[in-house]
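One chain is shown next in structure tokens, namely the form predicted alone.
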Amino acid sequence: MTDTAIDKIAQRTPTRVARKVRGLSDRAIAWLFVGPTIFLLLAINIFPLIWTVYLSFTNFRANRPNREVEWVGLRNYERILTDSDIWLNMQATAHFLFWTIVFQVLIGFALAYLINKKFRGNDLWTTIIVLPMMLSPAVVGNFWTFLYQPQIGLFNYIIAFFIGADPSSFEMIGSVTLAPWSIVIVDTWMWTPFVMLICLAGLRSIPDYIYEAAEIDRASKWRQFWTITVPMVLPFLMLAVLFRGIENFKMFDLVVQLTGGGPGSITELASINLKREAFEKWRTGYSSAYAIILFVTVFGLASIYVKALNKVKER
């Protein structure tokens, strides 16, 4: 904007408003601009949370808004914590969470370590590896559902080639034993590049002179890896685990597209079960208590983990 335009705006500003603006401090002007945004964030985030906490102590049903709402106290929380089916859902979530993080960290770090070595086609391979995380979970779910088909799916033929079995003799999605691993494989395929990029940033942040000093001291490559590379990349690895842990704890869309929580409820994660309680059974008060329990669990574990991460950074 030119000086002439600014002068025109200043001339058209009412005298009373101009005097008030001149009398404001820099902090007041900053709050004047930031205030509406903060108010909007509070309205979007804080109010729904408070409303959910209130509903968790009632028997409210969203499909029966005219029904008299009763205050049930901690009854919803007690029913959730003593429900064996919900604990099975939590076990399914823990299985999914643990193995996806293990595989993504190991494979992601290995890929980052290899790509960090300069070779021909480095940028091309990096782009190809990162492609899965650019796709929509719905697209990935449909794509892998086709690959998992026992009759025409490519995945069964690849596995059968290595183990010498009939491709139609096993079904990844329909098997109670294999279904939990099918969602682990897909999530690992999709989000390992994310972990790889974080690890790659950590590897490239290590100064070259540290390795040069280690070579002068005749430290082997193996010793350099364990005494220099791993300790200095560890904060980045822990950060990747934090991000993926939070995301996978609330995983929903990918698993719904793949298995829908089946067969039976073997892959029904906590988020899927919460959706069914809230929008299929319409137990709004009960599902609100369920959501609060999941929120407190994630928040508590993340807080403990962040403290551990900060201690590692301070070393």
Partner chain sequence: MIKRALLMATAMSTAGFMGANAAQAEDLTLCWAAWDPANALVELSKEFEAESGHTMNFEFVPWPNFADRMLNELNSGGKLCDLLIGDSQWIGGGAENGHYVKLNDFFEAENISMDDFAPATVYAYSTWPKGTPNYYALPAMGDANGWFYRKDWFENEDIRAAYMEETGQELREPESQQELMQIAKFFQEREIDGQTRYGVSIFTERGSEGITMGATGALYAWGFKYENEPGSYDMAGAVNSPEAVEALEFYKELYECCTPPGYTDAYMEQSLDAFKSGQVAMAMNWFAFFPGLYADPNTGGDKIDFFVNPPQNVAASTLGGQGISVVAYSDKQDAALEYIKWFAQPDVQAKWWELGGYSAHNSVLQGDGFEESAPFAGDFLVAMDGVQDFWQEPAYAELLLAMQKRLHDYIVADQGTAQEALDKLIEDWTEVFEDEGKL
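Positions refer to the first chain, counted from 1. Owing to the predicted nature of the structure, the values given are computational and were not obtained by experimental measurement.
Although it is not shown, the form predicted in complex with the partner chain is what the next lines describe.
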### Message
Given the stretches 219 to 227, 79 to 87, 94 to 102, 179 to 187, which is the single one in contact with the partner chain in the model of the complex, using a heavy atom cutoff of 4.5 Å?
### Response
79 to 87
### Query
Heavy atoms within 4.5 Å of the partner chain in the model of the complex: does Pro193 have any?
no
### Message
Just checking whether Ile266 would be counted as a contact of the partner chain in the model of the complex - the rule being heavy atoms within 4.5 angstroms.
### Response
yes
### Message
Since only the chain is shown here, I'm wondering whether Gly174 would be in contact with the partner chain in the model of the complex (any heavy atom pair within 4.5 Å).
### Response
yes
#### Entry: Touches the partner chain in the model of the complex: Ser205 (any heavy atom, 4.5 Å)
no
### Query
Which of the residues spanning 62 to 81 lie within 4.5 Å of the partner chain in the model of the complex, based on heavy atoms?
Asn63, Arg64, Arg67, Arg75, Arg79
